[in-house]
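Taking the form predicted alone, here's one chain by itself in C-alpha cells.
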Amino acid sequence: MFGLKRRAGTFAALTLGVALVAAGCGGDDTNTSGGGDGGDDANLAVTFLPKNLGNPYFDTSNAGGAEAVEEFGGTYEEVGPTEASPTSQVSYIQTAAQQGVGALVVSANDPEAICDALEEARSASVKIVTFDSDTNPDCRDLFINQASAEGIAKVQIDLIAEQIGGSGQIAILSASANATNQNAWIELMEEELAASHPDIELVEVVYGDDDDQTSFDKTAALLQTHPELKGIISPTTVGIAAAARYLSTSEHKGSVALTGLGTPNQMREYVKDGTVTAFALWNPADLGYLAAFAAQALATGEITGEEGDTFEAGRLGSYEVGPDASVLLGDPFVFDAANIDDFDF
C-alpha cells in the first residue's frame, strides 16, 4: 500500500509537549464559549475521554486536543479511568452528559459496552467523536482514524519481516482482547502474512491489557513458551515499551526482533541500545488536535458527519468526511536510529 517512510519532515509541530495537557486539563464547567462558525451560542465545552489516564500515548494525543480547543476558544477537560476495561468509561460519559458538555471525544475500550451511555449523551445534544479506537458507528457522530487499518497492519508486518529475514515464528502482544482497533489490525496482519509472507508463522496472540507490568510478564511468557520465537509485534504503545524493557536486559536482546506502534520518547533508549531496530506510529498530538476540531465543526453545525462534509482543522488544513462518518489523519511513519532524535513526543 505504501513504502516504509523515514522522512523527518512528515509531521508538523512535533515538539508539542505533554505540558500542554497540564495547561488544558484545568477545564471549567462552562458549557458555552465564543468562537467557531456557529457564533457565541455554540457549545464548545469539549471533554476528552481516553482509554485510560497515565498512558503516555494519550497524554500526547490529549495535549493536541487541548491545543486545538484553546485555538478555537472553547473549554477543555480530560477525564478517564485508570484501567482500560470495557465498561470503565461509562460513568465518565454519563457525567459529561449531565454537565452539558458540547462534545465528548472518546477512545473506546470496547465497541459496544459504552454505546448505551453514548446514545444517552447524544440524546442530551452532546456531539460524540471517537478517535484512535472506534465504537459501533451507530453510537457516535464521527470517527477520527489515525491511519487506515490496512496501512497500519502492513507497515508492522513489513517491519517484522525485514527484521527477521522473512521467515520464522512471531507473536503479537496486543492491548485488551476487546480493543476495536487492535483486533482490526491483527486480523489484517494475519491476512497480510498469509498473502505475502508464507514463511512467517504467527504462533500466538497475547493481551497485556495496556498495563505495563502485565505486558512485561506476557513478553517473558511468550519467550518461555516459544523458544524458537524470532520476533514480536506489539501494536500498542504500552505493550511495545514494556516488551522492549524486558528484552533490553534479557538474553534475547539482539536475537528476538521487536516492532509495533510506539512513541519516540518511550522507545528512544531501546533504539539506541539496539533492542529495537524500527517501529511505527502516526503523530498522536495531531490525532487529538484533529479530533478536537472535528468536535468543534459538529458543535457549530459546520458539518453533520455526512460523507463528503468538509471542515478546517487549524494548522492541519482541510479534511473530508469519508464512509461510515470517518476522517483519516494520514499514513503511519517509521522511526529508527537515523531519525528518532528529530521527534519529541
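Just so you know, these numbers come straight off a predicted model, no measurement behind them. Numbers follow the displayed sequence, beginning with 1.
Note that the form predicted in complex with ligand RAM isn't included here; everything after this is about it.
In the predicted complex, ligand RAM sits within 4.5 Å of a heavy atom of P235.
Within 4.5 Å of any heavy atom of ligand RAM in the predicted complex lies no heavy atom of T135. Interface residue remark: L261 is counted as part of the site for ligand RAM in the predicted complex, having a heavy atom within 4.5 Å. In the predicted complex, no heavy atom of T275 sits within 4.5 Å of ligand RAM. Comment: 278-286 is the region of 295-303, 316-324, 278-286, 64-72 lying near ligand RAM in the predicted complex, near meaning a non-hydrogen atom within 4.5 Å. Proximity to ligand RAM in the predicted complex holds for all of Y57, Q146 and D210, with the criterion being a heavy atom within 4.5 Å. In summary, among the residues Y270, Y246, Y76, W185, the only one with a non-hydrogen atom within 4.5 Å of ligand RAM in the predicted complex is W185. A single residue from the set A117, A175, I157, L222 has any heavy atom within 4.5 angstroms of ligand RAM in the predicted complex; that residue is A175.
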